[in-house]
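First comes one chain, alone, set out as structure tokens in the form predicted on its own.
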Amino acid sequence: MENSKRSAKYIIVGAGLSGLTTANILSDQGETDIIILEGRNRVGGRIHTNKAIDLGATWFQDHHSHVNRLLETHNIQKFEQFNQGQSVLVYNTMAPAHYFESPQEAPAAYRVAGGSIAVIDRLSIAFKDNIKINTKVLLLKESTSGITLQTSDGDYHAQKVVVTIPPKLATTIDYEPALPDTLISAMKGTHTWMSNAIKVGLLFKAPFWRKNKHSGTVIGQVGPVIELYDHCNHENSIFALMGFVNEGLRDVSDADRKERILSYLEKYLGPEIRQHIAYMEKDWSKDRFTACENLKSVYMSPQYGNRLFEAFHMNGKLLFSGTETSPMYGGYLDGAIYSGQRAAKLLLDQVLA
């Protein structure tokens, strides 16, 4: 995914869902002079699928119209989250668990067949030669001809730049001239979706929980795992559980955290939990391309879609995008797609103006 191209009409910072959406729309409209800079050693951003387990963005629903249309456009299948059988609600780890069954008429949650990465794989195909991974942006400097981007891989130049990384993280980039104080304040005050999450995934030879008439769902704020779900693949050939780890375990050793998680799940799902063939974790707070230092937990729904993100900056040369900038389903896959579409429209409107 590397070549020597260092200048383009458009440079997009971030090869996640928002940035790739913008790139595809621009390309479809004949604007193909595009470079995408990505600090990580992979594409996808906060979409991260490892051994068929989605350790980042995972679910969407019927009302997430932008996701559903994108999947239909690219002929990518979706399937319902498995929830048949008994689920566990843990009120108190010292008291018996409460068992319940989810009403089948409840709105369905969906997953992407092949994992969420299937969307990224499809959107990145056309840009495989123009995506620069391991390229961290350090400075955006405006000039009369555009913007120079100083990066860990040298300088790049663009007429227009779209920054799709989380707004709070984008404040760690230097800007010449400096961005307005009101914008910087809004960026620093925008919570980064997933930045607090610790995800855990376990692979098995067989879905023992289904055999035991269990949905695989375990919910409770008091234990080492606050949410757990069946995570078998669409073809039912890969058998897994995936969930969210209690943040209180962030600072214990890896071995201690794993043992607490397994002991807890063994209590509610049975000793078969010990027979996993793979165990993995992803602590997004330690991902320096997602989270900043001085992380604060957020216990209420964060506010996304500040209107300051709708405007161009640096004299019409710079846009901010990404799921946190979206007024529609900010923080979700749908918000990432919407923001990517909006950025592309704003850029194309400039071309026609």
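Quick note: we count residues from 1 along the sequence shown, nothing fancier. The model shown is predicted, which means the values in this text are computed figures rather than measured ones.
Omitted from view is the form predicted in complex with a small molecule, to which the following refers.
Student: By the heavy atom within 4.5 Å rule, which residue out of Val88, Met194, Ile131, Ala240 makes contact with the small molecule in the predicted complex?
Tutor: The option sitting close enough to the partner is Met194.
Student: With the partner removed from view, which of 230-238, 95-103, 69-77, 131-139 is the stretch that lies within 4.5 Å of the small molecule in the predicted complex, judged by heavy atom distances?
Tutor: The contacting stretch here is 131-139.
Student: Indicate whether Tyr10 is a 4.5 Å heavy atom neighbour of the small molecule in the predicted complex.
Tutor: No, Tyr10 stays farther than 4.5 Å from the small molecule in the predicted complex.
Student: Considering only heavy atoms, tell me if Gly305 and the small molecule come within 4.5 Å of each other in the predicted complex.
Tutor: Gly305: no contact with the small molecule in the predicted complex.
Student: Answer yes if any heavy atom of Gly216 is within 4.5 Å of a heavy atom of the small molecule in the predicted complex; otherwise answer no.
Tutor: Heavy-atom contact with the small molecule at 4.5 Å: absent for Gly216.
Student: Answer yes if any heavy atom of Thr49 is within 4.5 Å of a heavy atom of the small molecule in the predicted complex; otherwise answer no.
Tutor: No - in the predicted complex, heavy atoms of Thr49 and the small molecule never come within 4.5 Å of each other.
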